[in-house]
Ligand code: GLA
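In structure tokens, the next block holds one chain alone, the form predicted on its own.
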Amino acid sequence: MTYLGVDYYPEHWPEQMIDEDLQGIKDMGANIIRIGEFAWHLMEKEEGAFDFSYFDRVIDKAKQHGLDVMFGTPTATFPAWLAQKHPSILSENENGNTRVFGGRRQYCFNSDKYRQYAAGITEKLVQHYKNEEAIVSWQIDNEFGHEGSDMCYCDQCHGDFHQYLENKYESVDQLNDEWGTIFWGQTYNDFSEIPIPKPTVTTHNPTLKLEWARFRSASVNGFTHQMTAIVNEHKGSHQTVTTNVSGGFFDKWFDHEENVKPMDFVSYDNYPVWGGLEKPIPPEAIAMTHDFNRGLLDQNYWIVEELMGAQGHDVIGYLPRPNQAKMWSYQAFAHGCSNMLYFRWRGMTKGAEQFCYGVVDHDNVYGRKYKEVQSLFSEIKEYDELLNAEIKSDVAVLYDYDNIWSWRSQIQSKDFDFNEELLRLYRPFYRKNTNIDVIPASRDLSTYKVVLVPVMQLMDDALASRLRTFAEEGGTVIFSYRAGLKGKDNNIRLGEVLPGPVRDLIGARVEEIESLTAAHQLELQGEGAFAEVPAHISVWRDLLVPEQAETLYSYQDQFYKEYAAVTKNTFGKGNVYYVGGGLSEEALEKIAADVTSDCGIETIESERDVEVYRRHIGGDSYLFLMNHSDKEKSYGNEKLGPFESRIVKG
């Protein structure tokens, strides 16, 4: 059964409105509500005085209306009495300022006190409802790491960081050697002397910063796994466990794959636009987030917060146009979302989210947005089997959090943005309407035909070897710049010519490098079939000397005409491309066209703003059609109005 519903916060309204609300939710076509994730104080108004009677009544009424429940453990917002009694639970920012009570997620993941109390409320809550048939799933906490909450610089974290390092390194001498602390005279006599990367003059050691990022990830995931274990121990056998992933995952300080490993499925909060944005993020960026979430557990996922109204805390963003939010829902279903809940049932009249509009606005009128959700629920219900079908992809994009954190410690170009560099390789394949997986670099590659490796500067021999085997056996690899620059210690290898462990695979060497700005666009000259395809490069450039590879594009400026910018190498039965900078779209689209043709990958040609995604049930094929434009578009004989979406068999 496909779950379709809304996020409902009955505690925000007079209790006598619950029946009216639940009937409105049911009439919309919903079969589930999500509740509870910010209601710790309501469950434990005083220490140890647990009282779940309010939610007992809510759940009883939900059952009367035929609605199931997803219940959030309430540890993302703790009660004021806890902060007053144990101020040590509060996290600190990089300047040593305590994040005071108010807002949300101000807790320190390494606070033993907070873990004790969080474990207590989680255990009591799950034990109370373990036999409740209406509760089908538990959500752990809420949006881990969102709004900078995954970073804390308090003394508890500093002490635990020392212990983390002591456990990892055989001795402080080994650490000194690996980190190169001889530079700037930073050598340590004891682990207790090691700082955390608070503001200093110039910058901290890059390996220190990478280890700090790994420690932050271990802190967040340690807390998550503790809470997940408690829920798994006490929940009913019919209940599942998840957590809701928030956007911006490549800008966070924890490994998301590790975070969700012990859970039954991934949930995602899909906000294509939010406060302050004049327009939504590009459709390929939205699509990539779905492919990322599907890739975390290599299975279809839920969306538990799907945007419908305008959003903002202090500043409000763009209002989705009629049918645009519905189209985003179709896009999510196309990419592997199997169950969907909209945020939120009604806009709140008080508190920090008064401007987070919902399906129903503050006027309590069941208007245009209500009818839009109602139509989506009505249409999608007949495709239950399709939404739960497995997605197979020929193309994979690889990422590695160590590599991302390495870039964050030294961005090298002032306009470098990892998200954009990943999208730079993802975008041309998205525009050919191919299925794409966005997966950790540690995954098996044998089922793919093409592997995209964006800006993988941190690379060990194991990954290089797997990519080499992949190409030898007929796969195509596309690297972008700075590949193989550093080892897993975040240091450059002495005496190794770039691109380091994949030099033979790429068939070219990097002789020199230059950082560019986004505005500094260098014109390139194409060779052979690329001669008529204009191209430029920005953000970065590697000056490449082909060894076995052929040149696809070369530089044209006065001093560097002899160097290649983009190369292609035959390796075993496969091909390997190297893109030596921020290459422009038209050139990348030409590469994608060649690669998909050579590899026999099905592509679907469509108008520029029409996304077409193919899903299968057995031998039947279905196309999800989505018009991301505010103008009428077409796909074959199908006419699509502004932001229209539909499913057709074909």
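Here the structure is a predicted model, which means the values were calculated and not measured. Sequential numbering from 1, following the sequence displayed.
The following text describes the form predicted in complex with ligand GLA, which does not appear among the structures shown.
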#### Entry: Open or blocked: ligand GLA superposed from its pose in the model of the complex, cut-off 2.4 Å to backbone or C-beta
open
### Full three-residue contact with ligand GLA in the model of the complex, heavy atom 4.5 Å, for 269, 274 and 353
yes
### Message
Is residue 311 near ligand GLA? Define near as a heavy atom within 4.5 Å, in the model of the complex.
### Response
yes
#### Entry: residue 244: touches ligand GLA in the model of the complex, heavy atom cutoff 4.5 angstroms
yes
### Query
Is residue 392 one of the residues lying within 4.5 Å of ligand GLA in the model of the complex, judged by heavy atom distances?
no
### Query
Does the 4.5 Å heavy atom contact test between residue 254 and ligand GLA in the model of the complex come out positive?
no
### Task
Name the single residue among 150, 258, 437, 143 that comes within 4.5 Å of ligand GLA in the model of the complex, judging by heavy atoms.
143
### Task
Only one of 225, 124, 238, 104 comes within 4.5 Å of ligand GLA in the model of the complex by heavy atoms, so just point that one out.
104
### Query
What stretch, of 544-552, 191-199, 276-284, 353-361, brings heavy atoms to within 4.5 Å of ligand GLA in the model of the complex?
353-361
#### Entry: ligand GLA in the model of the complex - contacting residues of 281-310, heavy atom within 4.5 Å
305
